[in-house]
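Presented below, as structure tokens, is a lone chain in the form predicted on its own.
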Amino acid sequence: MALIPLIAAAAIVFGLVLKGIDRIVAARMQARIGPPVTQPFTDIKKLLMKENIVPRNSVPLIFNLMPVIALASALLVILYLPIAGFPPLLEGSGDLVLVLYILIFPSLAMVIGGFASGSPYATVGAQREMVTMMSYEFPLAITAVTTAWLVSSAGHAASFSLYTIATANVWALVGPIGLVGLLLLFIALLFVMPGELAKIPFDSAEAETEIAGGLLVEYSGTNLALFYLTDAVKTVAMASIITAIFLPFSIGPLFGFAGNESIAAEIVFYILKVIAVVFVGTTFARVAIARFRITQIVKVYLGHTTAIALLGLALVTADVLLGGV
């Protein structure tokens, strides 16, 4: 348990670094110079120095409590994730299901905080966030259940454990048909990522040009800083989940590393995989695609993304029933 503060601090720092990398890469893709990688740290420092304003028409207790719950739940997810191939600090036979539930809490805290602020802009943003959450949860659940079922079909115990899924390497459990199915599930999960993180083109709940910041319009100071940190930690969490399920590969055995060299190599390789996932899942998407309307978000998730996930499920099931590898 002594590792919990260290892991939490590492997740926050890594998340802020990822946000910095995301911003500077997006700027270069748009032919801009962009801010330094350390800009998120500067933003947090400034927010912590500013006054924490509570709206007159708000429910103060709920308004101030939601940022704390959002960050705490995001950090809790990290404790259940296998990082760089190492077992998670908190591990159980059904932690995949638990992680999916806990992932809802940061977004739900933002929704409740938006309603508690008393702002009409935040209320509209909260409504949009709820619709978005309901839309991407279905393809997310399909992907999670399919991979767990595949691992179970291969004879592994505790198939709903993220560590079990990561060590089993789902790509090695299927044949050609299943490989296509897993690739489709991988794509579906990448589509879910920007919605889970409320990034363009799925950020209609915070659309500045329409609803002045939406959910967070009334937040400032420390409260806004906590939501900012929550976003950073959720970025690490989502990228780590995708990495654990679909990119569980190790680099140590490939180069014959052992001992401390192997540990260092795996950590560096994990960081590179997470950066790659963030680039594909959020950076590229928000630069290449304009913001969707809320109706378009529902169509993308409950229509296209769900169809991709269901097709992936069908192909993986067919592969297993036909004999797999």
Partner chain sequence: MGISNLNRSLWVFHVNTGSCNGCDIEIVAALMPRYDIERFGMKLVGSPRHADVLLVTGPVTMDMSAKLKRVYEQTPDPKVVIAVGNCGATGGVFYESYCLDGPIDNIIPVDVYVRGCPPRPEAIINGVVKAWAKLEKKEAGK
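Keep in mind it's a predicted model, so treat the numbers as computed, not measured. Residue numbers count along the first chain shown, from 1.
One more form of this protein should be noted, the form predicted together with its partner chain, which is absent from this view; the next part is about it.
Trainee: Although the partner isn't part of this model, could you tell me whether residue 193 comes within 4.5 Å of its partner chain in the model of the complex, counting any heavy atom of the residue?
Mentor: Heavy-atom contact with its partner chain at 4.5 Å: absent for residue 193.
Trainee: Is residue 42 close enough to touch its partner chain in the model of the complex, meaning at least one heavy atom pair within 4.5 Å?
Mentor: Looking in the model of the complex, residue contacts with its partner chain include residue 42, since a heavy atom lies within 4.5 Å.
Trainee: Answer yes if any heavy atom of residue 216 is within 4.5 Å of a heavy atom of its partner chain in the model of the complex; otherwise answer no.
Mentor: So residue 216 counts as contacting its partner chain.
Trainee: Using the partner position in the model of the complex, report whether residue 69 sits within 4.5 Å of its partner chain, counting heavy atoms only.
Mentor: Looking in the model of the complex, residue contacts with its partner chain do not include residue 69, since no heavy atom lies within 4.5 Å.
Trainee: Identify, from the list 224, 197, 112, 170, the residue with a heavy atom within 4.5 Å of its partner chain in the model of the complex.
Mentor: Among 224, 197, 112, 170, a heavy atom within 4.5 Å of its partner chain in the model of the complex occurs only for 224.
Trainee: Please tell me which of 276, 53, 298, 59 lies within 4.5 Å of its partner chain in the model of the complex, judged by heavy atoms.
Mentor: So the residue touching its partner chain in the model of the complex, by this definition, is 53.
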